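Just one chain follows, in the form predicted alone, and it is written as structure tokens.
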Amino acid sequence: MAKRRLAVTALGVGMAALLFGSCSPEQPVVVAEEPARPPVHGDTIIMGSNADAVTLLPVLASDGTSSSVNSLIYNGLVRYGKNLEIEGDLAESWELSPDGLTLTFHLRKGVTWHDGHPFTAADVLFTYRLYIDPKTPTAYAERYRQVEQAWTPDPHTFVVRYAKPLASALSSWGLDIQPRHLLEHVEITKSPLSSAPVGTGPFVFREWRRGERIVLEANPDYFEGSPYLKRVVFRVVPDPTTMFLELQTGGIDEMGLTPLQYARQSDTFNFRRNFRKYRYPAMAYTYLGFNLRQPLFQDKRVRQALSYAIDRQEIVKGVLLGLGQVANGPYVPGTWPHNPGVGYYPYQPDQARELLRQAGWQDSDGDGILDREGRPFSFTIVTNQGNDQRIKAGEIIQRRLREVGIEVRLRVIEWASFLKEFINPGKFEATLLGWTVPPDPDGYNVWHSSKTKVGELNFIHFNNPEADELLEQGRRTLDQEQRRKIYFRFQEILAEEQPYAFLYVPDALPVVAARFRGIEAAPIGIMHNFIRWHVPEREWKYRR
């Protein structure tokens, strides 16, 4: 099945069912009854992607497209199941020692890499060492550096011991395991596997035409059984309008709809007959992040003023068409770490003007733009191409900030260039971006002041000693109620400091062509059983 990354979410099953209970298709148009038939192997699914992958070497990948492709090529030791419970992947079972410091994984036997080489515990040990190697430019080393010792008693057992308790220890081993025999003694940034990966997963890499498509084929030797679909094609279509037209004309089979497409443009008899739409709250949020190295944003009164000047309800209603909710912090409402007592900044332009006045900003020359010491209050927001919601939200923010005397420019950049030239080196003033929310609330990599190097995730350079201390405590505390208190306080600090203007939690709105059967809506979404999706032979569209 398609792996759900454990670095990306963890709720209790009961809470998950409550939060995600709406993960279901709209009522389709019923054409005729058909007798149930056993699934057969065949056909191709073409999945629309608004950006190309950056790298298919998981240790170096931090973008969504690369992660989506890699999730079909590689496996972790564990993964999230459909109800957000941790289950085995390459590990059949595991034990945690009574002191909570030692994890022992018992690995599946008979698993092979796509080139036929046997998978063993040596690959897991190598992957661990690869992540903690100072020469590896990865943003995800921190949790693996908490390991005091790692060893392999035999080819199918992997053991790690931690110096201190780590709440996310088990879930952290959902990382993609990489092949030692192909990467050992190779400079990781120059490995050919970055563009021609070899994994253990349900699909095998076949082709990458950069900027156009990535092609995977079913792994006939996959340990859970070969996928029913013969081929998966990720097709790059940056413009959402073009992608929707491609969907309707048969050029792609699956995509994430925009709110406008979901609510209005797909509400026809023919569309409901030919496609299945799904809706559920995404484990993600969108934010306006301020580069705190910029003098313009170093006064928290300015950041608070910007938050008061933004009408979040206008964005949810006008951009999401109500298919989402306002965000007030880095955790999704309804999940256990979310602090409902932290209010979001309501739209109060007068309060924004007052805070800006207190910070020394006034319109001294009567041109309608605030200034201070001869400098106008003007900055650029950068965001990525292919995300229509962010662009429209940026336009609303631009207009609302202009009303309080702030000039904003909006710059939209192709994804790979956006990361390489702006976000990773920190060469931006403000950015409209989003995070997928880990089920485990450990936000150390995103918020801790030590994670600000080039390519790391605290690229806005947030630095708060109390927040750092709380992040340390939260990851070391195993009791959930104690962790809740820690992260509640952490959210209070973020609300006061406003390093981000938290904007909204969108609904996920996937759509899939109706010929695909076996899709099972669940708390985690629809991709959890992807290897069991199938098409009746009489409906195959691609036979080669």
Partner chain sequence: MFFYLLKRVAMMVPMLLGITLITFTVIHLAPGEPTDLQIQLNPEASSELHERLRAYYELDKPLYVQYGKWLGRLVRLDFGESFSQDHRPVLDKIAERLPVTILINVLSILVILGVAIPIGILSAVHQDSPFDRATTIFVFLGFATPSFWLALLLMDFFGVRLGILPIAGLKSFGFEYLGMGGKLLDLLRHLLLPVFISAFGGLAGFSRYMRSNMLEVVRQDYILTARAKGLSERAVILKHALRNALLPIITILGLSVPGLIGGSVIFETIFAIPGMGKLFYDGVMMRDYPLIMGILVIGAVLTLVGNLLADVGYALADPRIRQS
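Positions refer to the first chain, counted from 1. Just so you know, these numbers come straight off a predicted model, no measurement behind them.
If you look for the form predicted in complex with the partner chain, you will not find it shown, but the lines that follow are about it.
Asks: Using a 4.5 Å heavy atom cut-off, which of 178-186, 258-266, 155-163, 212-220 contacts the partner chain in the predicted complex?
Replies: One stretch meets the cut-off, namely 212-220.
Asks: Which residue among Thr138, Gln304, Thr104, Gln351 has a heavy atom within 4.5 angstroms of the partner chain in the predicted complex?
Replies: Spelling it out, the residue with a heavy atom inside the cut-off is Thr138.
Asks: Give me the residue from Gln473, Asn83, Gln248, Gln325 that has a heavy atom within 4.5 Å of the partner chain in the predicted complex.
Replies: Checking each option against the partner chain in the predicted complex, the one that comes within 4.5 Å is Gln248.
Asks: Though only this chain appears here, would Pro192 touch the partner chain in the predicted complex if you measure heavy atom gaps against 4.5 Å?
Replies: Judged by the heavy-atom cut-off of 4.5 Å, Pro192 is well away from the partner chain in the predicted complex.
Asks: Would you please decide whether Asp367 lies within 4.5 angstroms of the partner chain in the predicted complex, comparing each non-hydrogen atom pair?
Replies: No, no contact at 4.5 Å.
Asks: Contact with the partner chain in the predicted complex for Gly318, defined as at least one heavy atom pair within 4.5 Å: yes or no?
Replies: Heavy-atom contact with the partner chain at 4.5 Å: absent for Gly318.
Asks: Does Glu421 make contact with the partner chain in the predicted complex, using a 4.5 Å heavy atom cut-off?
Replies: Flag for Glu421 set to yes.
Asks: Just give me the residues of 513-544, first to last, that have a heavy atom within 4.5 Å of the partner chain in the predicted complex.
Replies: If the 4.5 Å heavy-atom criterion is applied to the partner chain in the predicted complex, 513-544 yields Tyr542, Arg544.
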